[in-house]
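Okay, so here's just one chain, in structure tokens, the form predicted on its own.
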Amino acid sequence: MNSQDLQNLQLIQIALERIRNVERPLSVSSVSPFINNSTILSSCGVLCLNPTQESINQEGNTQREKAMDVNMLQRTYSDLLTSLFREGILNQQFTELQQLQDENNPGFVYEVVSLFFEDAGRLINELISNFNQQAVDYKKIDAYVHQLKGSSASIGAEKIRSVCQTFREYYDKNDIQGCYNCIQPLNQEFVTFKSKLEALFTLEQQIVAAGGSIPMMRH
């Protein structure tokens, strides 16, 4: 091999080395000492986040979505509670009942109202059963209504309390037909109250499960 051939071979080797350098991916350290591990430079010149940063962003998005879900549940809860007061189904006594609930007894209102559901349902069934008998014991019926009036007042079930009050006014006047006419509205108000409060408690459970707090009704 003469000197010219040797020179040509050296030029080819230099050219191949340059090609290899162009094709070799740029490392972080070779790009700039000011670029840290959080980013790398892609072949198109766009800064790309590494998997760790992407995980952080995804976690942040998840937290924002959860916060939005909680806010939506809280608004739905507040709207339902407001409507119950506006329609006269609940009164201020229910708010006072809520204020007795705390971190040490988070299910206080639910437990009290659940007991009312059981007790009121039993009393109303007793009323209907007694009115269907040939010999109606009106003193016993009045005792049932008196008990139902007291329990409904204690939890703020305003419409149920109001019907019980009307029943007793008819009873005091010896208006048997008036008493009888109160039974159906009383049962209907109880069914409505139970349905609405169960929906409210379901929302409460969903809010707590999502890490939120229960909104209070302010008057």
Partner chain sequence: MASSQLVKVLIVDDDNFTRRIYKTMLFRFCFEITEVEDGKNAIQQFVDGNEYDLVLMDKHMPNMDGVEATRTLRGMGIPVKIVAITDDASSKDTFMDAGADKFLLKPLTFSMLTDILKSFNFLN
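Residue numbers count along the first chain shown, from 1. Here the structure is a predicted model, which is why all the values come from computation and not from measurement.
What comes next is about the form predicted in complex with its partner chain, which does not appear here.
Novice: Using a 4.5 Å heavy atom cut-off, indicate which stretch of 124-132, 68-76, 81-89, 141-149 touches its partner chain in the predicted bound form.
Specialist: Going through the listed ranges, the match is 141-149.
Novice: Please tell me whether any heavy atom belonging to residue 137 falls inside 4.5 Å of a heavy atom of its partner chain, as the geometry stands in the predicted bound form.
Specialist: Output for residue 137 is no: heavy atoms all beyond 4.5 Å of its partner chain.
Novice: For residue 183, is any heavy atom within 4.5 Å of its partner chain in the predicted bound form, or not?
Specialist: Residue-level check for residue 183: no, no contact with its partner chain.
Novice: Does the 4.5 Å heavy atom contact test between residue 154 and its partner chain in the predicted bound form come out positive?
Specialist: Contact with its partner chain, yes.
Novice: Can you tell me whether residue 93 touches its partner chain? I mean in the predicted bound form, with a 4.5 angstroms heavy atom cut-off.
Specialist: Yes - in the predicted bound form, heavy atoms of residue 93 and its partner chain come within 4.5 Å of each other.
Novice: Give a yes or no on whether each residue among 100, 108 and 111 has a heavy atom within 4.5 Å of its partner chain in the predicted bound form.
Specialist: Yes: 100, 108 and 111 each sit within 4.5 Å of its partner chain in the predicted bound form.
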